[in-house]
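So this first bit is one chain, no partners, the form predicted on its own, shown in structure tokens.
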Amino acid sequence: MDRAAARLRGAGIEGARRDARMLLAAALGVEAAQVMAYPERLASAGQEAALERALARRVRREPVSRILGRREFWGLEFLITPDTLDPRPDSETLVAAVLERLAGRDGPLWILDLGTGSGCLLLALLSELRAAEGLGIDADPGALTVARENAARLGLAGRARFAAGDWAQGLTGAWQAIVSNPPYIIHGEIDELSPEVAKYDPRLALDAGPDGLGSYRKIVPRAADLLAPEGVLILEIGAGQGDAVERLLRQSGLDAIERLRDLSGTERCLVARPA
């Protein structure tokens, strides 16, 4: 593992030793903890070749999660593919916010996830809210296939539906919670992001037009119409977008707006309710 870590470190990879351990564990077919517990374990020729292929991909700045095809989010394992955004730990702020605001609600809960991707937000919520059902919308058929597979793997397919759509266009109903982690990167700034994001996350999940607000302009007015009277809308936002998105929310008749920060102290979500 030391040689693998040194190779990644030489390529400028932060957390090189952690990444090397995860890739070695995958090549050996064991848990990462076993790599440290049994350092004397010898790899077969096939395992050495698998590790070499994985290291070459990481040197090209492909994220470990994409090399492995899976990502842990909210304590659950999600499959990811090139069609889906790689879920970030910061987005767990949104899940926690929904759970806090729906705590103690009686009766069935209906949750709408706009731009569902891998389904991580909706499925994390359904794993905690046993009386809830949900619908995930995405424009990418490949992402919907992944989301359905994740729902089946997590035993949540009976309460989660997924459908193709243009955000909330054409939807009806009164939803207790509407959530979204939409694209919010300014078009001209995508290539300035880290290679792990710019080269490997789908552009459809990143590009929000010339000012980074294109997705919110589509989501907010429809979401305002779809919220139940006691419902809550929670949106993930990019750095510095709080004021602009809050204006869109107020223009659509939403109120009681809160700003939530993630563990790093960055404004991560806006929470809004019907006025």
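A quick note: this is a predicted structure, and the numbers were derived from the prediction, not measured. Just count from 1 along the sequence shown to find any residue number.
If you look for the form predicted together with a small molecule, you will not find it shown, but the lines that follow are about it.
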Next item on the list: Only one of L112, V98, A160, L121 comes within 4.5 Å of the small molecule in the predicted complex by heavy atoms, so just point that one out.
Entry: L121
Notebook entry, point to check: in the predicted complex, which of the listed residues (A139, L79, A152, L76) lies with a heavy atom within 4.5 Å of the small molecule?
Noted result: A139
Note to self: Looking at 165-173, 126-134, 186-194, 99-107, which stretch has residues with any non-hydrogen atom within 4.5 Å of the small molecule in the predicted complex?
What the structure shows: 165-173
Next item on the list: Consider L85 of the chain shown here, and say whether it contacts the small molecule in the predicted complex, taking contact as heavy atoms within 4.5 Å.
Entry: yes
Check: Does any heavy atom of A147 come within 4.5 Å of a heavy atom of the small molecule in the predicted complex?
Finding: no
Next item on the list: Give a yes/no on whether L204 approaches the small molecule to within 4.5 Å in the predicted complex, heavy atoms considered.
Entry: yes
